[in-house]
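Single chain ahead, written as C-alpha coordinates, the form predicted alone.
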(Lines give C-alpha, C1' and ligand atoms only; values in the text may rest on other atoms or scores of the structure.)
Protein backbone atom coordinates (compact mmCIF):
# COMPACT_ATOMS: atom_id res chain seq x y z
CA UNK A 1 0.00 0.00 0.00
CA UNK A 2 1.14 3.57 -0.74
CA UNK A 3 0.03 6.82 0.86
CA UNK A 4 0.02 9.98 -1.26
CA UNK A 5 -0.32 13.38 0.42
CA UNK A 6 -1.78 16.53 -1.02
CA UNK A 7 -2.79 19.99 0.12
CA UNK A 8 -4.21 23.15 -1.41
CA UNK A 9 -5.77 26.42 -0.34
CA UNK A 10 -8.86 28.36 -1.37
CA UNK A 11 -9.26 32.15 -1.63
CA UNK A 12 -12.47 32.17 0.45
CA UNK A 13 -14.87 29.80 2.20
CA UNK A 14 -17.15 29.16 -0.76
CA UNK A 15 -18.63 25.89 -2.02
CA UNK A 16 -17.62 26.49 -5.63
CA UNK A 17 -14.03 27.33 -4.61
CA UNK A 18 -13.84 24.15 -2.51
CA UNK A 19 -15.14 22.01 -5.38
CA UNK A 20 -12.71 23.58 -7.85
CA UNK A 21 -9.69 23.26 -5.53
CA UNK A 22 -10.41 19.64 -4.55
CA UNK A 23 -10.93 18.61 -8.19
CA UNK A 24 -7.69 20.32 -9.28
CA UNK A 25 -5.67 18.74 -6.44
CA UNK A 26 -6.97 15.22 -7.01
CA UNK A 27 -6.56 15.39 -10.78
CA UNK A 28 -2.93 16.50 -10.36
CA UNK A 29 -2.28 13.69 -7.87
CA UNK A 30 -3.85 11.26 -10.35
CA UNK A 31 -1.78 12.59 -13.26
CA UNK A 32 1.58 12.83 -11.47
CA UNK A 33 1.27 9.34 -10.01
CA UNK A 34 -0.20 7.69 -13.12
CA UNK A 35 -3.15 6.42 -11.08
CA UNK A 36 -6.31 4.67 -12.10
CA UNK A 37 -9.22 5.76 -9.93
CA UNK A 38 -10.18 2.22 -9.00
CA UNK A 39 -6.71 1.81 -7.46
CA UNK A 40 -7.61 4.36 -4.76
CA UNK A 41 -8.73 2.46 -1.66
CA UNK A 42 -9.73 5.50 0.40
CA UNK A 43 -9.36 9.28 0.68
CA UNK A 44 -9.05 11.04 4.01
CA UNK A 45 -9.56 14.81 4.01
CA UNK A 46 -8.95 17.39 6.69
CA UNK A 47 -9.69 21.10 6.45
CA UNK A 48 -8.87 24.07 8.61
CA UNK A 49 -11.49 25.38 11.00
CA UNK A 50 -12.31 28.38 8.77
CA UNK A 51 -13.82 26.11 6.07
CA UNK A 52 -17.52 25.39 6.62
CA UNK A 53 -19.32 25.78 3.27
CA UNK A 54 -18.81 22.32 1.82
CA UNK A 55 -17.30 18.96 2.73
CA UNK A 56 -14.13 18.27 0.67
CA UNK A 57 -15.05 14.56 0.62
CA UNK A 58 -18.36 15.41 -1.03
CA UNK A 59 -16.54 17.57 -3.58
CA UNK A 60 -14.23 14.64 -4.31
CA UNK A 61 -17.17 12.30 -4.84
CA UNK A 62 -18.79 14.78 -7.24
CA UNK A 63 -15.50 15.01 -9.15
CA UNK A 64 -15.53 11.26 -9.69
CA UNK A 65 -13.07 10.19 -6.99
CA UNK A 66 -13.63 7.59 -4.26
CA UNK A 67 -16.43 5.85 -6.13
CA UNK A 68 -14.85 2.44 -5.47
CA UNK A 69 -13.48 3.21 -2.00
CA UNK A 70 -14.19 5.10 1.19
CA UNK A 71 -14.21 8.86 1.80
CA UNK A 72 -13.78 10.71 5.07
CA UNK A 73 -13.62 14.40 6.05
CA UNK A 74 -12.51 15.91 9.35
CA UNK A 75 -12.00 19.44 10.59
CA UNK A 76 -8.66 20.39 12.10
CA UNK A 77 -8.40 22.19 15.45
CA UNK A 78 -7.80 25.94 15.37
CA UNK A 79 -4.05 26.52 15.78
CA UNK A 80 -2.50 29.98 16.03
CA UNK A 81 -0.24 30.74 13.09
CA UNK A 82 -1.43 27.81 10.97
CA UNK A 83 -2.14 28.18 7.25
CA UNK A 84 -5.66 29.50 6.64
CA UNK A 85 -8.30 28.08 4.31
CA UNK A 86 -6.33 24.90 3.70
CA UNK A 87 -7.57 21.48 2.55
CA UNK A 88 -5.36 18.41 3.03
CA UNK A 89 -5.81 14.88 1.74
CA UNK A 90 -4.23 11.44 2.07
CA UNK A 91 -4.87 8.87 -0.64
CA UNK A 92 -4.41 5.21 0.25
CA UNK A 93 -3.49 3.28 -2.90
CA UNK A 94 -3.30 -0.49 -3.13
CA UNK A 95 -0.11 -0.73 -5.21
CA UNK A 96 3.44 -0.04 -4.00
CA UNK A 97 5.47 2.74 -5.65
CA UNK A 98 7.37 5.94 -4.88
CA UNK A 99 4.62 8.56 -4.41
CA UNK A 100 4.67 12.06 -5.83
CA UNK A 101 2.94 14.36 -3.40
CA UNK A 102 1.09 17.45 -4.60
CA UNK A 103 1.07 20.80 -2.79
CA UNK A 104 -0.72 23.58 -4.66
CA UNK A 105 -1.43 27.29 -4.29
CA UNK A 106 -0.67 28.61 -0.79
CA UNK A 107 0.03 25.10 0.50
CA UNK A 108 3.32 24.85 -1.40
CA UNK A 109 5.20 26.21 1.61
CA UNK A 110 3.90 23.52 3.97
CA UNK A 111 6.30 20.80 2.88
CA UNK A 112 9.21 22.34 1.00
CA UNK A 113 11.06 19.05 1.39
CA UNK A 114 8.60 17.16 -0.81
CA UNK A 115 6.68 19.84 -2.70
CA UNK A 116 7.96 20.04 -6.24
CA UNK A 117 9.84 23.15 -7.36
CA UNK A 118 8.47 24.02 -10.77
CA UNK A 119 9.97 26.02 -13.63
CA UNK A 120 7.57 27.01 -16.40
CA UNK A 121 8.84 28.74 -19.55
CA UNK A 122 6.48 30.68 -21.81
CA UNK A 123 8.00 31.99 -25.04
CA UNK A 124 6.61 33.67 -28.10
CA UNK A 125 6.73 36.76 -30.31
CA UNK A 126 5.65 40.26 -29.33
CA UNK A 127 1.92 40.61 -28.69
CA UNK A 128 1.20 36.87 -28.40
CA UNK A 129 -0.13 37.32 -24.86
CA UNK A 130 2.85 35.88 -22.96
CA UNK A 131 2.90 38.33 -20.06
CA UNK A 132 -0.86 38.27 -19.49
CA UNK A 133 -1.00 34.47 -19.48
CA UNK A 134 2.22 34.00 -17.48
CA UNK A 135 0.93 36.36 -14.80
CA UNK A 136 -2.45 34.59 -14.65
CA UNK A 137 -0.79 31.17 -14.53
CA UNK A 138 1.55 32.17 -11.72
CA UNK A 139 -1.37 33.58 -9.74
CA UNK A 140 -3.41 30.41 -10.25
CA UNK A 141 -0.51 28.19 -9.15
CA UNK A 142 0.51 30.62 -6.39
CA UNK A 143 4.12 30.78 -7.58
CA UNK A 144 6.36 33.66 -8.61
CA UNK A 145 6.07 35.40 -11.97
CA UNK A 146 9.16 36.92 -13.57
CA UNK A 147 8.63 39.27 -16.50
CA UNK A 148 12.05 38.96 -18.15
CA UNK A 149 11.06 41.36 -20.91
CA UNK A 150 10.71 44.13 -18.34
CA UNK A 151 14.39 43.70 -17.47
CA UNK A 152 15.41 44.23 -21.10
CA UNK A 153 12.99 47.14 -21.41
CA UNK A 154 14.67 48.76 -18.42
CA UNK A 155 18.00 48.47 -20.23
CA UNK A 156 16.49 49.94 -23.40
CA UNK A 157 14.96 52.77 -21.38
CA UNK A 158 18.34 53.54 -19.80
CA UNK A 159 20.04 53.73 -23.20
CA UNK A 160 17.36 56.06 -24.60
CA UNK A 161 17.41 58.23 -21.47
CA UNK A 162 21.19 58.57 -21.67
CA UNK A 163 21.15 59.40 -25.37
CA UNK A 164 23.68 56.68 -26.20
CA UNK A 165 23.85 55.38 -29.77
CA UNK A 166 21.91 52.12 -29.50
CA UNK A 167 23.74 50.71 -32.54
CA UNK A 168 27.11 51.00 -30.77
CA UNK A 169 27.46 47.82 -28.72
CA UNK A 170 30.58 49.01 -26.90
CA UNK A 171 28.95 52.22 -25.69
CA UNK A 172 25.75 50.40 -24.73
CA UNK A 173 27.73 47.82 -22.77
CA UNK A 174 29.80 50.49 -21.01
CA UNK A 175 26.62 52.34 -20.00
CA UNK A 176 24.83 49.24 -18.71
CA UNK A 177 27.85 47.73 -17.00
CA UNK A 178 27.28 49.74 -13.83
CA UNK A 179 23.49 49.72 -13.97
CA UNK A 180 21.59 47.85 -11.27
CA UNK A 181 18.33 46.18 -12.25
CA UNK A 182 16.18 44.63 -9.56
CA UNK A 183 12.75 43.05 -9.35
CA UNK A 184 10.36 43.74 -6.48
CA UNK A 185 6.78 42.65 -5.84
CA UNK A 186 3.78 44.62 -4.59
CA UNK A 187 1.06 42.06 -4.07
CA UNK A 188 0.78 40.24 -7.40
CA UNK A 189 2.46 43.04 -9.37
CA UNK A 190 6.10 42.95 -10.42
CA UNK A 191 7.92 46.26 -10.20
CA UNK A 192 11.07 46.91 -12.22
CA UNK A 193 13.72 48.95 -10.45
CA UNK A 194 16.48 50.72 -12.37
CA UNK A 195 19.24 51.97 -10.07
CA UNK A 196 16.70 51.96 -7.26
CA UNK A 197 14.03 53.86 -9.23
CA UNK A 198 10.72 52.22 -10.13
CA UNK A 199 10.51 52.55 -13.91
CA UNK A 200 7.56 50.20 -14.41
CA UNK A 201 5.40 53.02 -15.76
CA UNK A 202 7.98 54.20 -18.30
CA UNK A 203 9.02 51.02 -20.11
CA UNK A 204 5.88 50.06 -22.04
CA UNK A 205 6.12 52.51 -24.96
CA UNK A 206 6.79 51.36 -28.55
CA UNK A 207 10.11 53.24 -28.52
CA UNK A 208 11.33 51.43 -25.42
CA UNK A 209 10.12 48.10 -26.86
CA UNK A 210 12.30 48.54 -29.96
CA UNK A 211 15.24 49.67 -27.83
CA UNK A 212 14.82 46.59 -25.65
CA UNK A 213 14.86 44.35 -28.71
CA UNK A 214 18.06 46.03 -29.91
CA UNK A 215 20.02 45.81 -26.64
CA UNK A 216 18.85 42.23 -26.01
CA UNK A 217 20.74 41.19 -29.15
CA UNK A 218 24.05 42.11 -27.51
CA UNK A 219 25.78 39.09 -26.00
CA UNK A 220 27.17 40.96 -22.97
CA UNK A 221 23.77 42.39 -21.99
CA UNK A 222 21.96 39.10 -22.56
CA UNK A 223 24.39 36.99 -20.54
CA UNK A 224 24.31 39.41 -17.62
CA UNK A 225 20.51 39.42 -17.33
CA UNK A 226 20.19 35.71 -18.09
CA UNK A 227 22.30 34.79 -15.09
CA UNK A 228 20.12 36.93 -12.85
CA UNK A 229 16.99 35.22 -14.21
CA UNK A 230 18.49 31.77 -13.63
CA UNK A 231 19.41 32.74 -10.08
CA UNK A 232 15.77 33.67 -9.32
CA UNK A 233 14.48 30.45 -10.92
CA UNK A 234 16.84 28.32 -8.82
CA UNK A 235 15.43 29.75 -5.60
CA UNK A 236 11.71 29.23 -6.13
CA UNK A 237 8.96 27.82 -8.29
CA UNK A 238 8.24 30.38 -10.99
CA UNK A 239 6.81 31.22 -14.39
CA UNK A 240 9.13 33.08 -16.77
CA UNK A 241 8.09 34.57 -20.08
CA UNK A 242 10.23 35.90 -22.89
CA UNK A 243 11.59 34.83 -26.24
CA UNK A 244 14.38 32.45 -25.27
CA UNK A 245 13.36 31.05 -21.88
CA UNK A 246 12.88 27.45 -22.98
CA UNK A 247 15.83 27.43 -25.39
CA UNK A 248 18.47 29.45 -23.54
CA UNK A 249 17.56 30.76 -20.07
CA UNK A 250 15.95 27.57 -18.68
CA UNK A 251 16.55 24.77 -21.19
CA UNK A 252 15.68 22.22 -18.46
CA UNK A 253 12.35 23.85 -17.53
CA UNK A 254 9.63 21.40 -16.43
CA UNK A 255 7.05 22.89 -18.80
CA UNK A 256 7.68 24.81 -22.02
CA UNK A 257 4.94 26.69 -23.85
CA UNK A 258 5.31 28.61 -27.12
CA UNK A 259 2.50 31.12 -27.65
CA UNK A 260 1.93 32.60 -31.06
CA UNK A 261 -0.75 34.43 -33.02
CA UNK A 262 -1.21 35.96 -36.46
CA UNK A 263 0.70 39.28 -36.81
CA UNK A 264 -2.48 41.30 -37.42
CA UNK A 265 -4.05 39.84 -34.27
CA UNK A 266 -0.99 40.66 -32.21
CA UNK A 267 -0.89 44.17 -33.64
CA UNK A 268 -4.56 44.74 -32.75
CA UNK A 269 -3.96 43.57 -29.18
CA UNK A 270 -0.96 45.85 -28.78
CA UNK A 271 -2.88 48.79 -30.29
CA UNK A 272 -5.77 48.33 -27.82
CA UNK A 273 -3.33 48.03 -24.92
CA UNK A 274 -1.46 51.22 -25.80
CA UNK A 275 -4.65 53.12 -26.64
CA UNK A 276 -6.08 52.22 -23.22
CA UNK A 277 -2.93 53.61 -21.61
CA UNK A 278 -3.37 56.91 -23.44
CA UNK A 279 -0.70 56.57 -26.14
CA UNK A 280 -1.44 58.13 -29.54
CA UNK A 281 -0.71 55.23 -31.89
CA UNK A 282 -1.89 54.08 -35.31
CA UNK A 283 -2.82 50.46 -36.12
CA UNK A 284 -0.66 50.29 -39.24
CA UNK A 285 2.36 51.62 -37.35
CA UNK A 286 1.89 49.01 -34.62
CA UNK A 287 1.73 46.25 -37.23
CA UNK A 288 4.99 47.50 -38.77
CA UNK A 289 6.57 47.57 -35.31
CA UNK A 290 5.42 44.00 -34.62
CA UNK A 291 6.91 42.79 -37.91
CA UNK A 292 10.15 44.68 -37.25
CA UNK A 293 10.46 43.19 -33.75
CA UNK A 294 9.78 39.70 -35.10
CA UNK A 295 12.62 40.17 -37.58
CA UNK A 296 15.01 41.54 -34.93
CA UNK A 297 14.21 38.88 -32.35
CA UNK A 298 14.31 35.88 -34.68
CA UNK A 299 17.56 36.82 -36.48
CA UNK A 300 19.74 38.00 -33.59
CA UNK A 301 22.96 36.03 -33.15
CA UNK A 302 22.51 35.33 -29.42
CA UNK A 303 19.53 33.27 -28.21
CA UNK A 304 17.11 34.16 -31.02
CA UNK A 305 13.35 33.79 -30.76
CA UNK A 306 12.41 30.23 -31.62
CA UNK A 307 10.28 27.37 -30.36
CA UNK A 308 12.09 24.82 -28.20
CA UNK A 309 11.94 21.30 -29.60
CA UNK A 310 10.03 20.07 -26.54
CA UNK A 311 7.72 23.09 -26.21
CA UNK A 312 3.97 22.85 -26.77
CA UNK A 313 2.81 25.46 -29.29
CA UNK A 314 -0.50 27.26 -28.80
CA UNK A 315 -1.92 29.62 -31.43
CA UNK A 316 -3.92 32.17 -29.45
CA UNK A 317 -5.33 34.04 -32.48
CA UNK A 318 -8.89 32.84 -31.98
CA UNK A 319 -8.81 32.07 -28.26
CA UNK A 320 -9.82 34.10 -25.23
CA UNK A 321 -7.37 34.59 -22.36
CA UNK A 322 -9.41 32.17 -20.22
CA UNK A 323 -9.31 29.52 -22.96
CA UNK A 324 -5.53 29.85 -23.28
CA UNK A 325 -5.10 29.65 -19.50
CA UNK A 326 -7.22 26.51 -19.41
CA UNK A 327 -5.14 24.91 -22.16
CA UNK A 328 -1.89 25.76 -20.37
CA UNK A 329 -3.17 24.42 -17.04
CA UNK A 330 -4.01 21.14 -18.75
CA UNK A 331 -0.48 20.96 -20.19
CA UNK A 332 1.06 21.76 -16.79
CA UNK A 333 -0.99 18.97 -15.20
CA UNK A 334 0.19 16.50 -17.85
CA UNK A 335 3.85 17.53 -17.87
CA UNK A 336 4.68 17.90 -14.20
CA UNK A 337 5.18 14.54 -12.63
Ligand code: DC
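None of these values were measured; they are calculated from a predicted model. Residue numbers count along the first chain shown, from 1.
Just so it is clear, the following notes concern the form predicted in complex with 2'-deoxycytidine-5'-monophosphate, a form of the same protein that is not shown.
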- Report yes if all three of 24, 88 and 103 come within 4.5 Å of 2'-deoxycytidine-5'-monophosphate in the predicted bound form by some heavy atom, otherwise no. no
- Task: Scan 300, 268, 307, 32 and let me know which has any heavy atom within 4.5 Å of 2'-deoxycytidine-5'-monophosphate in the predicted bound form.
- Result: 300
- Item | Candidate from 216, 247, 119, 192 lying within 4.5 Å of 2'-deoxycytidine-5'-monophosphate in the predicted bound form - any heavy atom | 216
- Task: Mark residue 149 yes when one of its heavy atoms lies within 4.5 Å of a heavy atom of 2'-deoxycytidine-5'-monophosphate in the predicted bound form, and no otherwise.
- Result: yes
- Task: Considering only heavy atoms, tell me if residue 261 and 2'-deoxycytidine-5'-monophosphate come within 4.5 Å of each other in the predicted bound form.
- Result: no
- Quick one: does residue 238 come within 4.5 Å of 2'-deoxycytidine-5'-monophosphate in the predicted bound form, counting heavy atoms only? no
- Task: Tell me, yes or no, whether residue 212 is in contact with 2'-deoxycytidine-5'-monophosphate in the predicted bound form, where a contact means a heavy atom of each within 4.5 Å.
- Result: yes
- in the predicted bound form, which of 230-238, 152-160, 167-175, 252-260 comes within 4.5 Å of 2'-deoxycytidine-5'-monophosphate (heavy atoms)? 152-160
